[in-house]
Structure formats: structure tokens, C-alpha cells
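Okay, so we've got a single protein chain in two different forms coming up as C-alpha cells, structure 1 first and structure 2 after it.
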Structure 1
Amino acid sequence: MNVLEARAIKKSFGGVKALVDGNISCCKGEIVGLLGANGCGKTTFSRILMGMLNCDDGEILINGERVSFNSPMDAMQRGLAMVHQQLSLIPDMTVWENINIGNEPRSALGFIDTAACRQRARQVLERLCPEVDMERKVSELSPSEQQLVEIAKALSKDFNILILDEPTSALEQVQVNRLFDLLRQVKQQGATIIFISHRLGEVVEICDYVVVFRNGANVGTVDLLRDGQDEERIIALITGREEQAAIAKKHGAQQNGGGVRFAVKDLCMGKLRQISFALRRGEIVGIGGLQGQGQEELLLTLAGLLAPAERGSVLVDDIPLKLHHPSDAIRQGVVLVPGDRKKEGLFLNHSILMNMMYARFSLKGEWIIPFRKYRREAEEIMRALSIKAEGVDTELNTLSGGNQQKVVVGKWLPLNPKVLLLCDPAKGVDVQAKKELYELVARLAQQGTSILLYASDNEELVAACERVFVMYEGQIVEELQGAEVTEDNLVAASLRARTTPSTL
């Protein structure tokens, strides 16, 4: 009998159909991969399973019995647990408080039994991530630690169905391996797991079979045990096209010997130490290394988002760049595509047009905003980047992640940026959108924009970059060029830095 079965789930938000025919059925002790492009409805689907949203139509059966959940509480009582993509942690509470929340052991008098809470937290943390201090507040943890706590919280519950929505996007390889070991144990004990991810390699590694969603419907199932690990077929199902969705190929623009466009000398800021490098016109240069080695800080400093640099100079076309405020950078043509588009890049409840207009507000403006001109411009960009939306007045909330990301990049295009700083632009973006995004970046490079790209996924760096700087603890420790830029070399360089700390 199926432990969990969902039939013909439908859900619309306003006029947008998020789910048309959401289907899944899983048996005891199975790990099911749920895949699909951004906006295909897999997160909506999992939120409905978890009782966080009500579906418009369709039915959910648990152990053959029809259920209807009105809140996550109902779902938890029926043995469901979930690792949320938008982490469900309470920032102002400690790790152990978070792990127990909603389900605290109580003493006879009704007080929360803090000793039992700590014990429960310790048990699960020891197995998943012994490096996390459970007395710390969640808001003080790094993104990967927060992700681990979110997972630990779900694992500490009594569940027989576990849903994981992109649990690995912030994790390093070692942490992923530990998680997978745990998931296999959980599976052995008879629980059913639904694993949602964009990382195909991981899905193939851990799952028994894969369900693919496209445009809000279940479009196919690939049994990995029976049919073998057919990645091509899964990609074809996701994109709906029979083509290989590889990201942009290397282009030849940087070979034509453009002059130096962007030079950073001896930059120090917070944990960044003596960063020096130069970008040529139209060059795409990557920043690699383990996560959290100062890559994001470097990009934010260069974009003027952090307090002025302590030391060092930055030159754009030989003109010194002051970095007191983001507007300084934007006026000189240095623009940023931030890592967290929802927090730093976009106004989600405003229209595409408004978002594109805000990008100009740092420039010397007109007395009266020429709305009509900007509207035309926005419409052109929408067409050029094939942003899928009804029109420029569509609110960004209703767009999929990939299309939102195109708006973040697109809003800078009318300014003809000289330097484009990309901070993990393809994080949480599906294969198709990723490909289009890197094509756009390559096109900009051909027009002479220099590009500095940080990506947590080495594959992207290898595909897009001619040179890659490897960072470790706030310094550039190695530079790979041309044929040296391979995934193996990148991993090796990141780890080498760790074993032999630089003497600087």
C-alpha cells in the first residue's frame, strides 16, 4: 500500500496556475526525487502536502486514508516532517530551542524541560553536524550551519514521511555526504523520503526513482534502479526539450586582447586581506574556493555595499573608484547581481518596470521621470531576455526564480555596465534558466563588459570562466588559467589552501 498518495492536486494564486495536476505516490522505505524547473510547482506541491497551503482541488491519502490538512500541525500529527527551502528557523532563538520548537518536552508542571530539550538536540546534532554549537542563536550561524539546523530539526521529529526541499543548496560536500548517510539510515528504518533538489548528481545518487514536474503537472517518472541513472532523460523531462541543456560555452572575446578595465590593488576589508587582481575588457573571471572564504564580502565591497574599504584602491578604466556608497560604484559602471535576490536585488511586490527604474536612481536624474521612455526600454529588455510574464506591470512575486534573476541582471543593461559582479547568480535557478543566464553574461562580455563571477558550483565556473581565482580565508591563494580550469583542479586548489595555510 502507498504510504503517501496525492492525486490531481490543483492550486492557483490569483490568475497564475501553480499546479494543474500534482501527482505522487510513494511506498514505505523509498527515497523519491522530485525534480523540475523553477516555477514548476514543486515547492507549492510540498507546501500543500505539509498543510501550509490549501489546495483548490485534488486529494491526499496517507496509508490509504483521505486526509485534509489545515495547518502544518495537522500534517505533523500524521507523521509528516519537512525541511523548508525558506528555512523555518526562528532567528532570535538558540539552536536547541529551534530544534524543539512546537514539540517541547514538558515537565509535570507544564514547564519546558530544558534538559530534555538539550538532550534531544544533542543526539541529532552529533550525528549530523557535531561542529554546530547548540547554545548559539540561529541568527549568528553561517548559511550552511543554519541549513544543517533546519535539517536536524526535521530529523529529530517522529515522522514516517520526510520532505526535504533543496536541503543541500548551502552545504559543502562533506556535509552532504553525512546527510546522505543519515537519510539512508532513516530509509532503512522504514520512512519515506521526498527529496527536492536542483542538483541532478545528488538526486541520482540518493534516490530510488525520480518524479519530474513541469508547468504544474507530473510529466514522468524515471526509475533509477530499473532504468539506470539516465541523466539525459531526466533533463529532457525537466526542460521538455530533447536537447542537452548545457550552460554557455566559452567565447572568444577575451582573446582579442582588451586593455585592463578593472583593477583592484591591495584591498583590505574585514576578513579580506590584500586582494589584488585585474580584469581585462570583456573577460569573464571566476572566484572559487570553499564556501564562506570571503568571496561574497569581496563582491559586496567592490559594489560599495559594505563600509568603505580599510585599505587599497580600485580603478575602473584607470579612474579611481570611491566606495562609500553603492551609488558611487553604479555611477562608474560597476554593478552587482547579489546572491540573495529576494533581499538585496529586487522589490518583489513591485512591477518589473518599477524594478528596472530603481536601477537608475543613482544616476543624475531627469527633473521629471520619463515614464514612457522607461516603459519602452523595459519592454525591450523583457523581449531580449525572454522574461516570461504578462507585461512590464507584472509583480515580481508571480515570476519564477529564473525569471526574477533575469530582471536582476536586466535592470542594469540600459546603464551599459563596465563591470558586472555576479554573486552566485544561478543559485536555486533551474537548468534552463541557468543556461539562458550564462548566455546573457557571455553576450555582455562580448560587448566589452568585464565580469567577475562567484559561483558555489564549480561546474559553472569551469563552463563560464577563462580564469579563476581561488580564495581561502579572505585571500586569493591561487589562480587557474585556461586549460587548468577544471573541476578537479578547483577542488584541489580549495583543499590545498586548507592544508597549507599561507604564510601571509
Structure 2
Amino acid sequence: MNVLEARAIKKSFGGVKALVDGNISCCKGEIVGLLGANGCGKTTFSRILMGMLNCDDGEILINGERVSFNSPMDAMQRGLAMVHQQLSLIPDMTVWENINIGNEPRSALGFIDTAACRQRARQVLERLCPEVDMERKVSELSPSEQQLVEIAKALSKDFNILILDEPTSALEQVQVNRLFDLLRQVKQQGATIIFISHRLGEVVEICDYVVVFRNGANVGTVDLLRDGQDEERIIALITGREEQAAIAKKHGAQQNGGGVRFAVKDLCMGKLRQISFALRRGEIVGIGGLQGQGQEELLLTLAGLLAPAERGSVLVDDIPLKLHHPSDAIRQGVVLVPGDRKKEGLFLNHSILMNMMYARFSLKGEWIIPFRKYRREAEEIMRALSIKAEGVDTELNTLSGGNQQKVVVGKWLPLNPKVLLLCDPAKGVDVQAKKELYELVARLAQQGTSILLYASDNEELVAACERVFVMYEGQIVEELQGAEVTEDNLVAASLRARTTPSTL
């Protein structure tokens, strides 16, 4: 008998059909991957399973019994737990308080048993992330530590079915490995796990089989244990196309014969030390290295978002750039696509039109805003980038992550940027959206835009870049070019393990 079965689940939000035929069947002791493009209905489906949303039609069965959940508490009482894509933590509370909140052990008199709460938190943290201090406030933790606390919160519950929605998006590889070891233990103990992720390599590593959603419906299943790790078949199911959804081809600036467009000389700022490099017109150059080695600080400094550099110079077309404010960079054609689109790149409660307009009129300070012109530009960008929405008046918070990311990039296009700084632009987007995003990046490069790309996924750097700077402890320690740009070389250089001489 299936532990969990969902049949013909339907859900609409206004005129938008989020789910038209959501189906899944899970047996005891299985890890099931749930994949699909952004907006295909995965998160909506998981929220229905957890009682956070009511479905319009369909049925859910637990151990063969039809159930109806009106709240997450109902789902928890039937043995379901979930790791949410958007963290459900309270920043001003401690780690141990967050892990226990809503599920606190109580004394015989009904009071919260703080000793038992701490013991429970200690036990799950020792298995998952012993380096995290349970007495610290969540606001003091790094993004990866916060993600681990979110996972620990779910693991601390008494569950038979565990749903993980993008649990590894903020984790480093060693943390992912530790999580997977723990999930395998949980599986052996008889729990059923639904693993939602855009990281295909991780899915085929940890899952027994994969269910693919497209346009709100289950379009196929791949048995990884029986049929092998057929990534091309999975991608074809996700995209609806037979060809493999590869990201952008490498685009060498040498093909355009571009001269130097952007030069950084001996830049020092905070943890950044003696950063020097040059980008040619139409060149895509990557920034690699382990997370936290200064890559994001470099992009933020070049975009004028951090304090002026302590030393060094930045030049655009041989003209010195004074970076006291982001507007200084934008006026000279240097724009940033930040790493966190929801906090740093968009106004989620406003329309596509307003988000695209803001980059224009905020700089010009126009007394009379040409709304018709801006609307026409926004509509053209929507068509050019294949942004899926009813129109430019659609609010950003109703779009999928991939379409939101297109808006973050698209808002700069009317300014014809000279230099585009990309901070992990494909993080948290699906395979098809990633492909389309990097195709756009390649088109911009062909039009002469110089692009500096930081990506936490080495595969993206290998596919998109002819050159990659590897950073370590705030410095560029190596430059890889041409055939040197491989995942093996990037990892080795990131760990300072390369034996070949640096090209710097």
C-alpha cells in the first residue's frame, strides 16, 4: 500500500491554473524527486499536501485513508513535516527556540519544558550541523546556517513523510553531503521523503525515482534505480522538448575583436585585496572559488553598493569611475543583477511595469513620466524574454522564480548597459529558465555588453565563460582560460591544489 497518494489535484488562483492534474504515489522508505520548471506547480502541490492550501478538486490518501487537511497542524498530526523553500524561522529567537516552536515538549503541568527543548535541538543539530550554536539568534547566522536550522526544525518532528522544498539552495557541498547521509538514515528507518530541487545532479544522487510536473500536471516518472540516471530524459520531460536543455554556448570576446571596456586596477576594499583585471567588449568572464571568498563583495563594490574603495581604480572605456553610490555606476553603464532577487532586485508587491520603469525614472528624475513609452518598452521586453504573465500590470509576487529573474535582468535592457554584473543569476531557477537566461546573457555579449559572472555552480562557469578568475580569501589567485576552464580545474584552483602555474 502507498504511504502517500495524491490524485488529480487541481488548484487555481483567479484565472491562473497552478495545478490541473497533480499526481504522486509514494511507498514507505522511498526518496522521491519532484521536478519541474518554475511555475509548474511543485510548491503549490506541496503546500496542499501540508494543509497550507485547499485544493479545488482531487483527493489525498494517507495509508489508503482519504484525508483533508485544514491546516499544517492537521498534516503534522498525520505524520507530515516540511522544509520550506522560504524560511519559516523567527530571526530574533534562538536556534533551539526555532527548532521547537509550535512543537514544544511540555511538563506534566502544561508548561514548556525548556530542558527537553534544548535536548531535542542538541540531538538534531549534532546529526546535521554540529557547528551551529543553538544559543545564537537566527539573525546572527549565515544563510547556509539558517537553511540548516530550517531543515533541523523539520527533522526534529515525529514524521512519517518529509517534504523538502529546495533544501540545498543555500548549502555548501560538505553540508549537502552531510544532509544526504542523514536522509539516507531516515529512509532506512522507514520514512518517505519527497525531495524538490532544481539541482538535477543532487536529485539523481539521492532519489530512488523522479516525478516530473509540467504546466501543473504529472507528465512522467523516471525510475533511477531500474532505468539508471537518465538526465537527458528528465530534462526532456521538464522542458517538453527532446533536445537537452544546455545552457549558453561559450562566447569569446576575441570573436568580436572587442577592446577593453572595463578595467579594475589594484582594488582594495574590506576583505578584497589587490583586485586587478580587464574585460573586453562582448566578453563573458566568470568569477569562481569557494563560497564566501569575496566574490559577492567584489560585485557589490563595483556596483557602488559598498563604501568607496580604500585604494585602486575602476575605469569604463578608460574613464575613471567614482563609486560613491549605485547611481554613479548606473550612469556610466555598470549595472548589477543581485544574488537575492526578492530582497535586493525587485519590488514584489508591484507590477512588472513599475519594476521596469524604476531603473529609468529614478535616475533621470523626470517631472513628467512617459508612461506610454515605458509601458511599450516593458511589453517589448516581456516578449523578447518570454516572460510568462498576463501582462505588464501583473504583480511580481505572482510570477515563478524564473520569470522574476528575467524581470531583474530585463529592467536594465532599456539602459543599454556597458557592463553587466551577475551575482549567481540562475540560483533557484529551473533548467529551462536557466537555459533561457544564459541565452539572453550570450545575446547581450554579442551586442557588445561586457559581463562579469559569479556563479556558485561551476557548471555554469564552464559552459558560459572563456575566462574565469578564481578568488581565495579576497584575492584573485588564478585565471583559467580556454581549455583550462573545466570543473576539475575550478575545484582544484578553489582549493589551492592546482600544480600547473597560474596565468596571473
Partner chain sequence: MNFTAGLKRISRRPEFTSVVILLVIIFLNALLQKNFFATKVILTNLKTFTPLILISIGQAVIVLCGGIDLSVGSQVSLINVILATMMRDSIGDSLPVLLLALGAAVGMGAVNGFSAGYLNLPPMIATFATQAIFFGLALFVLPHPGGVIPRWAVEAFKWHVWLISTPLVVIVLAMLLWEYIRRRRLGQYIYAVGSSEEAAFANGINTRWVKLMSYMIGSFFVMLGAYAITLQAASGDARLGLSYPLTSIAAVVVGGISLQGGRGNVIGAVFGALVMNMVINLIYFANIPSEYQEFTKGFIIILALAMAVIYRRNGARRQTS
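We call the rigid core whatever largest set of C-alpha positions still superposes within 1.5 Å between the two forms. Quick caveat, the model's predicted, so the values are computed rather than measured. Here, a residue number simply tells you its place in the sequence of structure 1, counted from 1.
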| remark: The chain seen in the form predicted together with the partner chain is the one numbered 1
| message | Tell me whether residue 215 is among the residues that move between the two structures (Cα shift of 2 angstroms or more, core superposed). | response | no
| query | Against the rigid core, is the Cα displacement of residue 103 between the two structures at least 2 Å? | reply | no
| field | Cα displacement of residue 313 between the two structures, once the rigid core is superposed (Å) | value | 2.3
